[in-house]
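Next up is one chain by itself, shown in structure tokens, the form predicted on its own.
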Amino acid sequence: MFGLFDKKYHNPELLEMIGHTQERWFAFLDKLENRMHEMCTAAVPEIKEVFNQDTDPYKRAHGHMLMGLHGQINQMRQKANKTKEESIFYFIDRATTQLPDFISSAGREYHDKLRIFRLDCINRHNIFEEKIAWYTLMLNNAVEEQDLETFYQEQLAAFEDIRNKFICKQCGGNIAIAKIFFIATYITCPFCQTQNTFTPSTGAQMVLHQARSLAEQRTAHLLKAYEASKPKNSQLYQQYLRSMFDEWNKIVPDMATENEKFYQRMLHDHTNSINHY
């Protein structure tokens, strides 16, 4: 297909295909980025309005809206990844198998052209990924960031005020609550062994809902250091991820086992994304 049988290897068809494929790839990412820009800039005022009008303390309407927008961005990412695999990497693999050996002068020339083509396409995709990160951050920061640390400390103080005031429903004995709970929990009376249901306040229940966001606020400086690194420093991201989950586990220790499984999945996904190439 690419002039294999020429005595002196010369393949203008391959060079033309490289140029056209790169142009189509760049144009494809341009369209995705334009669509993402239009969607996100139009969504920001709506996000603010929904957040301000949402009377639910958990801001679920706002959360659902953000989730939907993130889902659309992720669809664009998946579409780009699929096109990269099918239209770029497959084309390179197919072309490489039909070139002269790399040790020949003609082979080196055309292998180098494919290598440069591959790097140019990957670098353009990296720009696309950076824009995804930027627009995702823009959506997340569309509303003024809540002071989750102050809210959390207020809930700890409120718990300290009531932890020794819980009364057994059966015998009336005073039950000291050993630690703060974020969901309804059975507490055994030390006097009559009756199981009492301790229901935390709405504020305490919201701590569980906000725990990850609070952990991310506490470790935001580490994430910024990673995002500012050029090229991206994987060790900085791993440092951020470990620190964020450590803070998350401090806030809600009962979730530590499940959180560690989540941490391992995120670390695995990040490592795979780096080693893919």
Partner chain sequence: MGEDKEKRTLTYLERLKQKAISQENYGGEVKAEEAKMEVRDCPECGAGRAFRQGLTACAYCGFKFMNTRLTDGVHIKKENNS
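Note that the structure is a prediction, hence the values are computed from the model and not measured. Numbering follows the first chain given and starts at 1.
What comes next is about the form predicted in complex with its partner chain, which is not displayed.
Remark: of stretches 109 to 117, 127 to 135, 78 to 86, 187 to 195, the one touching its partner chain in the predicted complex is 187 to 195 (heavy atom within 4.5 Å). Proximity of Lys169 to its partner chain in the predicted complex falls within the 4.5 Å heavy atom cutoff. Contact check for Val143: every heavy atom lies farther than 4.5 Å from its partner chain in the predicted complex. In the predicted complex, Phe181 approaches its partner chain with a heavy atom inside 4.5 Å. Shown alone here, Ser229 lies farther than 4.5 Å from its partner chain in the predicted complex, counting heavy atoms only. Contact check for Arg60, Ile175 and Asp254: all three have a heavy atom within 4.5 Å of its partner chain in the predicted complex. Comment: its partner chain is not present in this chain, but in the predicted complex one of Ser201, Thr97, Gln153, Asn123 has a heavy atom within 4.5 Å of it, namely Ser201.
For the partner-free chain shown, Glu38, Met39, Ala42, Ala43, Glu46, Glu49, Val50, Gln53, Asp56, Pro57, Tyr58, Arg60, Ala61, His64, Met65, Gly68, Leu69 of 36 to 69 come within 4.5 angstroms of its partner chain in the predicted complex, judged by any non-hydrogen atom.
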